[in-house]
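What follows is a single chain, given as structure tokens, in the form predicted on its own.
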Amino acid sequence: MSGAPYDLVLLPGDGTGPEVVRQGRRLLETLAEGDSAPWRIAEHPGGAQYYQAHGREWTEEAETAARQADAILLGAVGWPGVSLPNGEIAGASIVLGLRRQLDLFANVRPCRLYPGVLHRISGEYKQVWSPKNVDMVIIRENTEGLYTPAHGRLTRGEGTEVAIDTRVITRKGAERVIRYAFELARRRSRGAPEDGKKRVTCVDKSNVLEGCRFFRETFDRVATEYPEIERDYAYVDAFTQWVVRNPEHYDVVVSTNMMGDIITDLASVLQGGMGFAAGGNIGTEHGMFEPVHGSAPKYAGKDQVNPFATFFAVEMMLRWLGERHGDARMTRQADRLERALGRVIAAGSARTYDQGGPISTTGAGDAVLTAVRGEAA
């Protein structure tokens, strides 16, 4: 890095998005205390509620800023009953549009359980899985699959007769996300919790679907370049039980777009729920990071939602900036934040409603800021 500050763009979005991004901004400002202007922050409105008020999803200025940013922190988009004329959810083009415009081909979802996190199973808050057994990263392809605009309806007379969604699996798309998974497995120091082995698991439905067969063939071809990493396989339906029963087997998991979307939300239960689930949309030049819990309209404006997913998204963003630019300062800040988050979670003093606690979004933010100030940069 040349020493110039990074340009960070914050897109709070809809519902609870602005509430958690507000805490993320406070966190960034706290981390910057005593530092020589490590970043500049620009915040832009957008999403379904913005569309409802202004007739467009975001401003041209916001779109330009996002394309030129060093990194983006996204809150959430979507609001009940607000759709575009074509029926699509208003605000979704910010997420899907940026993934395609910036070629953010890898959706990266860490799934790690921290000591002190409770699971809500059958209405009870308790420790179900051991923290030592849950430490994996799930990577899904982010620009093709079933989420491409290769779909449509056949309408004759008064109604729809046929709706078609076409899945697109390309050699380029499969190869680069699979290679990303193997490179990540190579860098991860711990390996799978059960045996310490560096392992990449391919999750697909190749016993039925041609696109999945092609994805698995590509997986096998790329895997030959990484002989030190164990290759592993699971059909997606079997994986949904195995990951719950034996999470310690998994190190890095790679899958296609929609299947990966589903299994990452399932895996979030292992780490305590969506309130702890952060994701990175990563390409070769750009990165966008987000809490993946969505806009949660029924909680909007109540200062109740868990902000830790946003805090982990900030940590991911700083770590990615450090890796991309060879900037040890960003890596130190990410380490500092991770230590502070671990301390607060272990203490159990900042549990929001989803953890059975009474703490507000702002209260959890206050606890984290205090811990960050207590950690040396």
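These numbers were taken from a predicted model, which means no experiment stands behind them. All residue numbers refer to positions in the sequence shown, first residue = 1.
Omitted from view is the form predicted together with ligand IPM, to which the following refers.
Inset, instruction - State the residue from Y147, F239, F105, W79 whose non-hydrogen atoms include one within 4.5 Å of ligand IPM in the model of the complex. - result: So the residue touching ligand IPM in the model of the complex, by this definition, is Y147.
Legend entry - Contact residue in the model of the complex, chosen from R109, R199, R176, H286 - any heavy atom within 4.5 Å of ligand IPM: Of the candidates R109, R199, R176, H286, R109 is the one lying within 4.5 Å of ligand IPM in the model of the complex.
Legend entry - Exercise: L266 in contact with ligand IPM in the model of the complex, heavy atom 4.5 Å: L266: no, not in contact with ligand IPM in the model of the complex.
Legend entry - is_contact(D261, ligand IPM) in the model of the complex, heavy atom dist at most 4.5 Å: Residue-level check for D261: yes, a contact with ligand IPM.
Legend entry - ligand IPM contact at L96 in the model of the complex, heavy atom, 4.5 Å: Taking the distances in the model of the complex, the answer for L96 is yes, it comes within 4.5 Å of ligand IPM.
Legend entry - Distance check, D251 to ligand IPM in the model of the complex, heavy atom within 4.5 Å: No - in the model of the complex, heavy atoms of D251 and ligand IPM never come within 4.5 Å of each other.
Legend entry - Every residue of R22, V117 and E315 near ligand IPM in the model of the complex, heavy atom within 4.5 Å: Spot residues vs ligand IPM: no contact at all.
Inset, instruction - With ligand IPM left out here, work out from 96-104, 155-163, 242-250, 203-211 which stretch has heavy atoms within 4.5 Å of it in the model of the complex. - result: Contact-bearing stretch, as computed: 96-104.
Inset, instruction - For the stretch 286-317, return the residues whose heavy atoms include at least one within 4.5 Å of ligand IPM in the model of the complex, in the order they occur. - result: Stretch hits, in order: E290, V292.
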